[in-house]
Every structure is written in structure tokens, then in C-alpha cells.
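The data below hold one chain only, encoded as C-alpha cells and taken in the form predicted alone.
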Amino acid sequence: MIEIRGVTKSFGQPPTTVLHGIDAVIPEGSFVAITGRSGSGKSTLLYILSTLDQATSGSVLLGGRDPEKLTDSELHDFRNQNIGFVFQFHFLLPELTALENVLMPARKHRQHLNSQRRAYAMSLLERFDLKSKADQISTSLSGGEQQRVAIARALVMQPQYLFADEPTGNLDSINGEIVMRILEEASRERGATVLYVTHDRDFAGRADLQIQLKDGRIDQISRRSIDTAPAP
């Protein structure tokens, strides 16, 4: 699970505090939406939870481990093997094919770049209806296809934690629905803990747990009742 203990975050001089003492416990395998108005601290909190940024004070435990107590090398390995991140913009390498982009995290650790990993990468592309695009340069793909490739890249190491920052923000409704379904499957079928930032009320309503921020503080935490959960 993810334990958030008194997390604050400040920027600049004089410091401006963006997060004020955030406390929460997120059960393992949860599908979690982080919501709130622009400037409420949603993306800042997501970046801290995903180890891409550090809190000014407080701590975050991922599966009982405190990433801030790891060396740079240990943190790099921990992040690469346990964490996937999906940005609002896909950040694919334009000179690489779809498959090569998906395999980038595995290339960082050569011991993971083997035939089984390649086969898994291809299975992800096939599941996301991109098998025929595997050998195409990423710039030749549509925006929705590029975002699906980015999610496949985030999943290729089969991470325990998947974080997504407005993953549907630049997509039309059809591709947005595809992306959300992929994120749901990562949680409900693979057991990954998935946290995503969204402004979309419908997408937020699909989460097991909603964490609503207001002015850098938790305004409300709500859980979806079993009665409203989707049928298996």
C-alpha cells in the first residue's frame, strides 16, 4: 500500500506552500482518482508519490519502503522496476518505432531486455490494438495511438504502481475511453495500484477511491460503494 504521512511541498523564495500536511493510506491494488481545481496541488502530489519529486517535509512509503532513504542508484532501480508513469503528453522518442519506445524501460536494464520481455511488449501492443503499428515510427501515429504506446511503455516492466497525470487531457472522447479502460485493466486484472489525476467527473467516478484536493489540502476522500462498482 501507499502511506502518505504529513506531506508538504513548497516552491521558491520566499517559499510558497502548495501542499499542506497531506495524510492518506491507499490500499494495495486500488484504482484512485486525484481531483480538484487547477492549482489545488494534484499533479504536485502525484509527482511526489511517484518519486519524481521530493516532499519538503513528511514522507511517502511505497510497500513499506521510503524512497528518500535509497541511494540514487537504488532509487533508479526501484523506480524502473516498480513504477510506471503516464504523462499528459506522451513523450515518445520520435526516432524510434512504437515497439522500441515500449521497450525503453527494459533497455535501461539489459537483464530485462530478453525474448520474454519483447513478447510481452508485443502482447501489450496487440491488446491496445496497435500490433500492426509496432514497426512504425512513433511520429506517424495518431495522438490516441501515441498515448496508448506511452501506457504500454509504462506497463512493460509490470510495475506495482502506475501513476497517470491527466492521461486523457489531450484526447478525444473515444481515445479517452480507451485509455481509461486500459488503466482500469491494469488495476483490476493485474493488481497494480493505479493513481490518476483527472478533471473529468465521469472518469473520476470510476475510481475505487477519490482524493479531492482544495488549496493543497485534502478536502474529501470518498470510496465507491460495492453496489456502484462495475460488473466483472
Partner chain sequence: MFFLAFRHLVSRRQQTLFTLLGVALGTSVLIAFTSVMTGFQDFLIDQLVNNDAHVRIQVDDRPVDPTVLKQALWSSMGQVVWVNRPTSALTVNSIRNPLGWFEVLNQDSRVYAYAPQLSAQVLYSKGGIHQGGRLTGIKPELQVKVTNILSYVTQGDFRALAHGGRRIVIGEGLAQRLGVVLGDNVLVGTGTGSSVPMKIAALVKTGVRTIDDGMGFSLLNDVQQIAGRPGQVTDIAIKLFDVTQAQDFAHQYAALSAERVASWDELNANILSVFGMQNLIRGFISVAIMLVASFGIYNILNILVNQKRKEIGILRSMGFTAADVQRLFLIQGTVLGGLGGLLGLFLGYLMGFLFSLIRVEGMVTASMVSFSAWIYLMGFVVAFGSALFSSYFPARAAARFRPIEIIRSGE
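From a predicted model like this one, the values you see are computed outputs, not experimental measurements. Numbering follows the first chain given and starts at 1.
What follows is about the form predicted together with the partner chain, which we do not show.
Region of this chain that lies against the partner chain in the predicted bound form, out of 27-35, 203-211, 177-185, 47-55 [heavy atom, 4.5 Å]: Only one stretch qualifies here: 47-55.
Proximity of residue 85 to the partner chain in the predicted bound form, heavy atoms at 4.5 Å: Yes, residue 85 lies within 4.5 Å of the partner chain in the predicted bound form.
Distance check, residue 159 to the partner chain in the predicted bound form, heavy atom within 4.5 Å: Although the partner chain is absent here, residue 159 would stay clear of it in the predicted bound form, with no heavy atoms inside 4.5 Å.
Distance check, residue 100 to the partner chain in the predicted bound form, heavy atom within 4.5 Å: The answer is yes: residue 100 has a heavy atom within 4.5 Å of the partner chain.
The partner chain contact in the predicted bound form: residue 107, any heavy atom under 4.5 Å: Yes, residue 107 is a contact residue.
Residues of stretch 145-172 in contact with the partner chain in the predicted bound form (4.5 Å, non-hydrogen atom): Going through 145-172 in order - heavy atoms within 4.5 Å of the partner chain in the predicted bound form - there is one hit, 153.
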